[in-house]
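Consider the single chain below, provided in structure tokens and representing the form predicted alone.
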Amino acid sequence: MSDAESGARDEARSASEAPLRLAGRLALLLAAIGRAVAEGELDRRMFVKSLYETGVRSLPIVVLTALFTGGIMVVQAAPIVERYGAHGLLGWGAGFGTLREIGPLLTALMISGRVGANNTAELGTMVVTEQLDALRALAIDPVGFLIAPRFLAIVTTLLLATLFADALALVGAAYVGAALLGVDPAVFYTGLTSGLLGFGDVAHGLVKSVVFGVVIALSSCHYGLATTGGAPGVGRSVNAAVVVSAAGVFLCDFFVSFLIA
């Protein structure tokens, strides 16, 4: 076998092993976070600060995304509703897609782009400026002080933001439906509560939001901690975290939908 063939085979093997190595590292990080929380090493003040940074400051983009998401659902459903005269089912159609799929998915992508990227950049900067080494020198565990609070804050934020976004999306859908199709908001909400939708549909989306939050938090923390190479390395870590988070969200979306459909 030539050196070129051997090198190509080694490169292909490394590429195939890369997802497994990443999954292993994420699992180890999750285990370390779980240990820190179980042993009471979680810094509560940092957790509250992270909740504010990830949750409260994300409200504008969540509100904007949610309102237009509801409107888009109605715009897409409008031709079918008009063709078959199914105005009474508009609430069910918009609610089914929003609660189970579109709400959690778009909220996760917005949180990933804003919060996940910011988290990776902050942790990466701390790594390249040796701030984490300084914490270790002071006998402070970086996982309990920095990583676990950010992880829990991102997961909590995504869960609550999904609930908020679902409600806003349905409000937006009701009023866009009234403007475009003449469907009274009362008729729209009757379609939501007539029995075709239940708590299981809401729970379906909330389970997804928790899974998405775990994926985004783990990816952003992992790539932040793995940063090397100074300022350019921070940029590469942010790019990798956003890409992996988005891919992980869609991958988990498929499997969660398949398992709890």
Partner chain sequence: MISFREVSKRFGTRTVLDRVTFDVPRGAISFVIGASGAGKSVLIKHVTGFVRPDAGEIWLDDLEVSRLGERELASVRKRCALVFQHATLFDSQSCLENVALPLEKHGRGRTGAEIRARARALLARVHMEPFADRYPSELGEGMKKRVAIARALALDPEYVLFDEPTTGLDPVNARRVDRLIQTLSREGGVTSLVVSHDLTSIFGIADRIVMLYKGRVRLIGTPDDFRQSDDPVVRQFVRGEAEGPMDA
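Numbering follows the first chain given and starts at 1. None of these values were measured; they are calculated from a predicted model.
Beyond the structure shown, there is the form predicted in complex with the partner chain, which is absent from this document and is the topic of what follows.
A.B. asks: Go through 179, 167, 86, 137 and name the one with a heavy atom inside 4.5 Å of the partner chain in the model of the complex.
C.D. replies: Contact with the partner chain in the model of the complex is made by 137 alone.
A.B. asks: Though only this chain appears here, would residue 35 touch the partner chain in the model of the complex if you measure heavy atom gaps against 4.5 Å?
C.D. replies: Residue-level check for residue 35: yes, a contact with the partner chain.
A.B. asks: In the model of the complex, is there a heavy atom of the partner chain that lies within 4.5 Å of any heavy atom of residue 57, even though the partner is absent here?
C.D. replies: No, residue 57 stays farther than 4.5 Å from the partner chain in the model of the complex.
A.B. asks: Just checking whether residue 76 would be counted as a contact of the partner chain in the model of the complex - the rule being heavy atoms within 4.5 angstroms.
C.D. replies: Result no; residue 76 lies far from the partner chain in the model of the complex.
A.B. asks: Tell me, yes or no, whether residue 43 is in contact with the partner chain in the model of the complex, where a contact means a heavy atom of each within 4.5 Å.
C.D. replies: Answer yes; at least one heavy atom of residue 43 falls within 4.5 Å of the partner chain in the model of the complex.
A.B. asks: Which of these stretches, 140 to 148, 100 to 108, 169 to 177, 155 to 163, has heavy atoms within 4.5 Å of the partner chain in the model of the complex?
C.D. replies: Contact-bearing stretch, as computed: 140 to 148.
A.B. asks: Mind listing which residues of 118 to 137 have a heavy atom within 4.5 Å of the partner chain in the model of the complex?
C.D. replies: 126, 129, 130, 131, 133, 134, 135, 136, 137, in sequence order.
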